[in-house]
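One chain comes next, on its own, written as C-alpha cells: the form predicted alone.
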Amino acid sequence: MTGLTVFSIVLVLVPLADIIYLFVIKGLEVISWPALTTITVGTGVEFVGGGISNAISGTVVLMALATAITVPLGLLGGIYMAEFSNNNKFSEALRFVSDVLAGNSSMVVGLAGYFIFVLYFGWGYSALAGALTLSILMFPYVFRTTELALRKVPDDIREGARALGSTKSTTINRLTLRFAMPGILTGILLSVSIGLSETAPLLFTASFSNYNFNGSFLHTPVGFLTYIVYVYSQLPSNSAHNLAYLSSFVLITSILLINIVARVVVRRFSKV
C-alpha cells in the first residue's frame, strides 16, 4: 500500500511539475520590463505585438473587486452557518445552493452574468460585470470553508469563554475566528486561485481591452491575463506564444506570492 501510495503521488506530481517547469522556463525566457509595461497591440487574429500591462491591470482590478465582494459575504455567511443557524431549514437551503454553485460550470455562470449584468442591467462589457460574475464562482469556497473551519474549533473553547463571562460575539471575534483562521485562509486562497484561472465567465462579461484600466467600472471592456493565455496560445505566431507563456508565468508567480504572504500573515495574527 505504501508503494502504491507513493506511485500515485508521483503519477500526479510529475505532469504537474512538468507543466509548471515549462511555463516558468518559457516565461523567464521572454520576461522583460517592456513586455510587462506596454499594452497589447491587436487582438485575436489581428495580433501585432506589444506586452501585457493592460491584462495585468485588468486582472488586478477584477480580482480586487471580486475578492472585496466575496470575502466579506462568505465570512459572514460561514459565521452565521457555524455559530447561529442551529442547522435550521434556512441553513440547509443555503448549503444546498452553495454546493450547486460550487459544482456549476463556469461557462453557465458566465452566460448568466452576461444576461443579467451586461444586458439586463445594461452595464455592458465591464469590470463590474466581470467581477460580480467571478464572485458568484468564488463565494461557495469561502462560505463553506469558513463554516467547516469554525465547526472544527472545539466547543470547550466556547464554553470556557462563556464561563468567564465572554459574550458570544466576543468569543467569535477573539477566539474561534483565530483558531479557524488557517482553514478560512485556505478557502479564501482557493477562491482567489479559481478566480485568477477563469476565462469563460470573463469572455461573456468583461470581453477584452488593449488599453490599461481607465477607472471606469461600467460600459468599458477590460483586459485579463487568462484571455491572452487562451487566445494567443492558439495563434500561429511565436510572439503571440511568448505573450501566452509570459501571462502564464505571471499568473503562477502571483498565486505563489499570494500564498506565501497569506501564510506569513496568518501565522502572526492567528495566535491567541
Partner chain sequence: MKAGGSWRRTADRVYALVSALLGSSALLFLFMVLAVLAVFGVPSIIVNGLNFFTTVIWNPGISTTLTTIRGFPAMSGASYGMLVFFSGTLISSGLALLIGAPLSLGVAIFLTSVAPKRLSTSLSFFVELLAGIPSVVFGFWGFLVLAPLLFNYVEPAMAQYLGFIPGVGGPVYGYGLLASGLVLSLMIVPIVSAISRDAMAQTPVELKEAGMALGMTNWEITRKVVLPYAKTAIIGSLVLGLGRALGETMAVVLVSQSALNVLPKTLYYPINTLSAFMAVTFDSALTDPSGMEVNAIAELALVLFIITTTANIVARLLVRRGFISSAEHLVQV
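Predicted, not measured: the structure shown is a model, and the values here were computed from it. Residue numbers count along the first chain shown, from 1.
If you look for the form predicted in complex with its partner chain, you will not find it shown, but the lines that follow are about it.
Item to complete: May I ask you to check whether G122 falls inside a 4.5 Å heavy atom distance of its partner chain in the predicted complex?
Response: No, G122 is distant from the partner.
Item to complete: Flag S53 as yes or no: does it have a non-hydrogen atom within 4.5 angstroms of any non-hydrogen atom of its partner chain in the predicted complex?
Response: Judged by the heavy-atom cut-off of 4.5 Å, S53 is well away from its partner chain in the predicted complex.
Worksheet item: Using 4.5 Å between non-hydrogen atoms, is T226 touching its partner chain in the predicted complex?
Response: Yes, T226 sits close enough to its partner chain in the predicted complex that at least one of its heavy atoms falls within 4.5 Å.
Worksheet entry | Partner contact for N210 in the predicted complex: its partner chain, 4.5 angstroms, heavy atom | Judged by the heavy-atom cut-off of 4.5 Å, N210 is well away from its partner chain in the predicted complex.
Worksheet item: Within 4.5 Å of its partner chain in the predicted complex, do F90, L148 and L251 each have at least one heavy atom?
Response: Yes, the whole candidate spot contacts its partner chain.
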